[in-house]
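Single chain ahead, by itself, as structure tokens, in the form predicted alone.
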Amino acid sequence: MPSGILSYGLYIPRRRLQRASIYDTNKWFAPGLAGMAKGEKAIGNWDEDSVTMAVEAGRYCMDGIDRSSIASVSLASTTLPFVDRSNAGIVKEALNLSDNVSSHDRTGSLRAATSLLMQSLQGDDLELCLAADRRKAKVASVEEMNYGDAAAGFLTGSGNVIAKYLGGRSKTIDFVDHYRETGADFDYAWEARFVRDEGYQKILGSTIVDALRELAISGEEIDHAVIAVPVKAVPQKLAKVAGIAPDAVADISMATIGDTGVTHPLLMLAMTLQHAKPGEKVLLASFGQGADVLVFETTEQLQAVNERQASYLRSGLADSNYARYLFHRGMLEIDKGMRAELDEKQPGTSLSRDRKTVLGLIGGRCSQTGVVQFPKTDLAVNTESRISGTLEDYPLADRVAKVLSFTADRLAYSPDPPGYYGMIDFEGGGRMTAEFADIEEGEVEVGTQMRMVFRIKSFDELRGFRKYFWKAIPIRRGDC
């Protein structure tokens, strides 16, 4: 059976920072940014990072897929939260995958995701390939205007693929167009014309030409050219050299999402597949200390996956609060008040013992009474037998809940006040007190349907550890 892409998932944060708000604050110092003060870029909330965004993309990607069949999960990112902890391992726990899967972190280059995808396509096993980035940029810089946040996921293997892998080519050249040393917050970029002429045109352009020649595919046969260079007009120039029609070049999505780093090639590929038709050839090209080029051919299976993924796409929310953006990026120090002075220590013993509860949101269901409870305990509630060991694992993360009661709290500290939380009741049983996320005033009331999302709960700044848990967000009708 052919190897290729079986499914995809795409996650773009709801808030879209208006570039005009960045310019309006910084134009006294950087008036040259005026030409870039158009459109918006996707920004993650304070409780989102590369791990949490990857979890969302993975959930969408695996909708309808038997998770026990997944052989490995890999996460590509240049902004991994942990240097010495398996970030993909955290994702594995949140996605409730088997302990027998392998996990891998990929980093060090903006083409880490395409290199990961190319490697996964060499075998028949089901591999979950995820990419996510949440990069920081200096205030009043070109990068601040451009950088956006997002995650994408692809499930690869053999079977009823939606896009058959035809082959590809990879080059590795230590071309330093930009870099970020270990421990640094910001990228250092070289002059744009040098990068365009010596990097994009010579390295990426030649790799595209070589790949098509080796596969005996002419440029005219390419229906969609996903050339992940977030610079205006450059993808079209590279396509022309390879004989690819200009109207086949995919939109780089800079006006609405921004440059999402490692994620960008997979994000563009997912968005291209959403409107592709069966039997079309799709070229994917990415750049970063070399180049990767992959070619696919879509199949009849694509339409069903596209229809499923369409239900997950959410409309963006325009955001002009530039100060909040800086605070959430750790670039604006404000007086948090005494109520923020809490010890957020996470004992490793309890996290290890309760990892399924904390990271996977696994509750319990009594095999005798059918009662669902969270957290799972040795003894089931609402039973007279008081026999231990009757509770079976019962995943709650993908179950819809409704609000029974809630509070908007401005007394307790929250990085995004007011802090919303309340009691929620899951369909099929089980209830818990949960924090709410991504809430705007008036968006929640008693009876509102909610879905669970994996987020950062708090930061242990004393020990450099971030704690993850599940929060609830409204299911918004009319989102597209």
Partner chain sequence: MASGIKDKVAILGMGCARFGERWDTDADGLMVEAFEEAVADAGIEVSQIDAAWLGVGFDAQNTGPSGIPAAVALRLPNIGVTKVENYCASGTESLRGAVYAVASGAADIALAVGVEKLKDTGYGGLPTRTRGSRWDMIGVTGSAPGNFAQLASAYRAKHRVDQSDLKRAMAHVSVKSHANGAKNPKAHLRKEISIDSALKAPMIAEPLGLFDCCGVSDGAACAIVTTPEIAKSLGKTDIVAIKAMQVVSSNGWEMQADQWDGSYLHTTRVAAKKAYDEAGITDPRRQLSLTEVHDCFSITELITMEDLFISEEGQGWKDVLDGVFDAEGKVPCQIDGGLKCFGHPIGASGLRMVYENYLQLLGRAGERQRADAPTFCLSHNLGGMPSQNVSSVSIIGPLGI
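Numbering follows the first chain given and starts at 1. Please read all numbers here as calculations on a predicted model, not as lab measurements.
Omitted here: the form predicted in complex with the partner chain. The next part is about that form.
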{"item": "Three-residue site 354, 429 and 457 fully in contact with the partner chain in the model of the complex at 4.5 Å by heavy atom", "value": "yes"}
{"item": "Selected contact from 406, 165, 394, 322, since only one has a non-hydrogen atom within 4.5 angstroms of the partner chain in the model of the complex", "value": "406"}
{"item": "The single option of 123, 278, 159, 375 touching the partner chain in the model of the complex, heavy atom within 4.5 Å", "value": "375"}
{"item": "Partner proximity in the model of the complex: residue 65 to the partner chain, non-hydrogen atom cutoff 4.5 Å", "value": "no"}
{"item": "Heavy atom of residue 139 within 4.5 Å of the partner chain in the model of the complex", "value": "no"}
{"item": "4.5 Å heavy atom contact, residue 446 to the partner chain in the model of the complex", "value": "yes"}
{"item": "Residue contact check: residue 61 to the partner chain in the model of the complex, 4.5 Å heavy atom", "value": "no"}
{"item": "Partner-proximal stretch of 266-274, 333-341, 206-214, 240-248 relative to the partner chain in the model of the complex, 4.5 angstroms, heavy atom", "value": "333-341"}
